[in-house]
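Encoded as structure tokens, the following chain is the form predicted on its own, with no partner shown.
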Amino acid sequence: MALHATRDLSIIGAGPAGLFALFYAGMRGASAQILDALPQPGGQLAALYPEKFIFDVAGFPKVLAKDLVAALTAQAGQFGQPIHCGQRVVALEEADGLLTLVTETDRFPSRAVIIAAGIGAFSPRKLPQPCAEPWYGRGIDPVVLEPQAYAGKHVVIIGGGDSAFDWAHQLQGIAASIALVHRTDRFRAHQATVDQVMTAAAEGRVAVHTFHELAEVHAEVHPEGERIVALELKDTKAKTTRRVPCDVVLPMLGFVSDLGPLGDWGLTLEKDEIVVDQTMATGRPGLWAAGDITTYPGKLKLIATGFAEASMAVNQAVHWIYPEKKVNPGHSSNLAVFGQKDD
């Protein structure tokens, strides 16, 4: 198991609050790192709605979720501190004045920890059909990272929620064909997006198959290897099947979230959220929290709130580690770290 260098702060979660916390730690002259279970930074923004506009982030009249993630990553990246993706925390150990986060493969010791884990570690819900399992990572993509990767391809989207309808709408003009498959005719998506997709279906730009589910995956051997060429769909009402062309399957079935070992760390939890005080302290020395995973009277689950909580948590943690550093960092326009006048 790899042992990483000791840092001042370890941040759990690479969503907006975690990324801003990483930046803020660098601004305060603290060494820091992020651990996240997902394969890329951004949390829910990157995994659930990268192509959606966000309208309530200060300074942006509107910004695509993926562009906000890119900007936050660049902002944090100016201090050269690492973001460790694909690292699911399984334990917290405390010894010799250090808090060590343990993952399945690595150990990350630090002097303090900030939990910015959003809704906890979450992973895409998988298709229940056994025929789908062998094709994950080679034709079944549970997360869309780059829409242009589907240019000219036959895409089948399975699901009836926001993500399914968002991609059915946004991949138009990119994919060669789009089929949306759902087991009922009742959808959980916003009505405006449903209406857009249904209009596209009436115009022949999207195929919508309600009361259908995956029955079989058909593949062919090509020079580059075996790949999906079609899906067999079962009509759950008529008990008939139909074959639809398919290069890529996007199972948009939602995510499974799990607080994992956080429940065993001696924190006060309410409805899977960490109770914090006005300083973002969790009650356990050395642990602070920020973002959607926190709760307190008057809490608002907003990105803007998460940014403020991240800055409070980092400032408190830095002062706890280095008592000579004030809690209030002063104005960034005056900080030497940015090449301005001395602190």
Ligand SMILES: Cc1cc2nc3c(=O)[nH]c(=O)nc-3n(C[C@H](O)[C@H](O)[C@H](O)COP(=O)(O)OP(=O)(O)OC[C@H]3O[C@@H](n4cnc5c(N)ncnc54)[C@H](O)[C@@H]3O)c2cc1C
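One rule holds for the numbers: they count along the sequence shown, beginning at 1. Quantities reported herein were computed from a predicted structural model and do not represent experimental measurements.
Although not depicted, the form predicted together with the named molecule is the subject of the following passage.
The three residues Asp141, Gln170 and Asp247 each lack any heavy atom within 4.5 Å of the named molecule in the predicted complex. Only one segment in the set 23 to 31, 314 to 322, 44 to 52, 273 to 281 has residues whose heavy atoms sit within 4.5 Å of the named molecule in the predicted complex; it is 44 to 52.
The named molecule is not drawn, but in the predicted complex it has no heavy atom within 4.5 Å of Arg188. A residue is said to contact a partner when one of its heavy atoms sits within 4.5 Å of a partner heavy atom; Ala37 meets this definition for the named molecule in the predicted complex. When contacts are judged by a 4.5 Å heavy atom cut-off, Ser110 does not count as touching the named molecule in the predicted complex.
In the predicted complex, Ala117 approaches the named molecule with a heavy atom inside 4.5 Å.
With the partner omitted here, the residue from Arg205, Arg227, Arg88, Arg183 that has a non-hydrogen atom within 4.5 angstroms of the named molecule in the predicted complex is Arg88. For the partner-free chain shown, Ile12, Gly13, Ala14, Gly15, Pro16, Ala17, Gly18 of 2 to 26 come within 4.5 angstroms of the named molecule in the predicted complex, judged by any non-hydrogen atom.
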